[in-house]
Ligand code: NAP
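In structure tokens, one chain follows: the form predicted alone.
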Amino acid sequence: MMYLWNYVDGTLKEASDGGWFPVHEPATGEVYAMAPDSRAEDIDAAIEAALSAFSAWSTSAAAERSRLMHRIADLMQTRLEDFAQAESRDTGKPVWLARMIDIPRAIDNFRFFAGAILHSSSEAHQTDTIALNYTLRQPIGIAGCISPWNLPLYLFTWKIAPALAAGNCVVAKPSEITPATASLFAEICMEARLPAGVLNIVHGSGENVGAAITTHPDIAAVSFTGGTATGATIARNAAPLFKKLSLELGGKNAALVFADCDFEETVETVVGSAFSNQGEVCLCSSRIFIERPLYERFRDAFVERVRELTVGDPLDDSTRQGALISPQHMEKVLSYIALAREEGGRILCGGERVQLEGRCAGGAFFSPTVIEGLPYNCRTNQEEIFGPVATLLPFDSEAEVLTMANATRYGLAASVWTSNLTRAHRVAAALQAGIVWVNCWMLRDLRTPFGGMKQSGVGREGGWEALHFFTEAKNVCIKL
């Protein structure tokens, strides 16, 4: 049995009341670790440590903060395989995926913001010949960062890296479902000699730890990634305290496939966009709209490729679909398969639990599922399933597909597949989504703003947007 620890004031600690909660491995269903079941008192201790560290950290040279962040990234690189194995065990995703994508991206997050703070600039405005105005961007104070279970280290570092780079101290809560890599990251910070109190990691439930972060008066900003319902609760709690909020929430993303697309590349990439990480990514394409002249050909090729996605042990390099995060989540996905049938959908492949043998006999495995025959406005096509389920819908015109694609309460991401450049620009501008990929998916530049419209969130992360979120802008006006 492995024991994980809180990281508060530069040391590893158990919860203040000595409580623990079990951590399950999705691929086996077995408990493999125990994590601190923290309470509000633990958040109080973490905030006290952060307040004590803030003065020195916020006034330290950007070059020194950059050096420490690069040191952390270097140490993460040396233990990349340890992180990948821990991430796979915690989430059920194939270990090769964590090794190739999740952990390298987490390292890149630290390197990117470590470099960005060395190249910041200030705005200056001369008011005729009377005065000069310039803008200072100063650390906001103590930042609360709450990350989700689907991309644990990837999104954990996506939040804490810009917060630390900007000179803030951080109190962070990783998901209680996937706490292992955050605990390992604490060891890296200690080895890198990050000053005590600059980063504090507290494990526990959303009800106890998350709520304490979002309501504590000494936390000036909250960055949260997770479900829309939880985001609404955070907004209600934080609003009376006038905290800055960045909420990256749910999605029901559309892929728009036009008849003039590059067929082979489109099929291959859209399969990946629908089923990467078992569909447990907020950016996955769960609604796939195909222009009618191409519909049958695309459908048949798409289903054939999906059937080739091997469901298996995450430790096996041939596995393309690992375990869902939990049996409870698998039941949720199954409930949507039943709903799709009630709404008139036809299951073209998948739609059922996969029972493996041996080590993974107790795991939450589910077959990648493709459904057709559903109306665009039914519940299956409106609600976020967050699993390996994609629906196929034909369309006849550009206006029709835009109406259908935009007809959800979400507006996170979309992709457009066409060889017509004019159409690509026109459709991208008309889609109600914070991110639109054209003839690609998940091609990310860390300098660009990331976030959604409508109920997919509030604010933007990434690049200067993230650094600006974790700072306060101050205008200084000097009379000449």
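Please read all numbers here as calculations on a predicted model, not as lab measurements. One-based numbering along the sequence shown.
Form predicted in complex with the ligand: not shown, discussed below.
**Q** Can you pick the stretch from 115-123, 355-363, 149-157, 90-98 whose heavy atoms fall within 4.5 Å of the ligand in the predicted bound form?
**A** Of the options, only 149-157 has residues within 4.5 Å of the partner.
**Q** Within 4.5 Å of the ligand in the predicted bound form, do 164, 167 and 198 each have at least one heavy atom?
**A** The answer is no: none of the three residues contacts the partner (heavy atom, 4.5 Å cut-off).
**Q** So which of 227, 293, 373, 327 reaches within 4.5 angstroms of the ligand in the predicted bound form, heavy atom to heavy atom?
**A** Answer to the contact question: 227.
**Q** Name the residue from 83, 302, 386, 110 that puts a heavy atom within 4.5 Å of the ligand in the predicted bound form.
**A** Filtering the options by heavy-atom distance leaves 386.
**Q** Mark residue 206 yes when one of its heavy atoms lies within 4.5 Å of a heavy atom of the ligand in the predicted bound form, and no otherwise.
**A** Yes - in the predicted bound form, heavy atoms of residue 206 and the ligand come within 4.5 Å of each other.
**Q** With a cut-off of 4.5 Å between heavy atoms, is residue 174 one of the residues that contacts the ligand in the predicted bound form?
**A** Contact check for residue 174: yes, within 4.5 Å of the ligand in the predicted bound form.
**Q** Is residue 286 part of the interface with the ligand in the predicted bound form - any heavy atom within 4.5 Å?
**A** Contact with the ligand, no.
**Q** Is residue 306 part of the interface with the ligand in the predicted bound form - any heavy atom within 4.5 Å?
**A** No - in the predicted bound form, heavy atoms of residue 306 and the ligand never come within 4.5 Å of each other.
**Q** Which residues from 66-84 come close to the ligand in the predicted bound form, meaning a heavy atom within 4.5 Å?
**A** Sequence-ordered list is empty.
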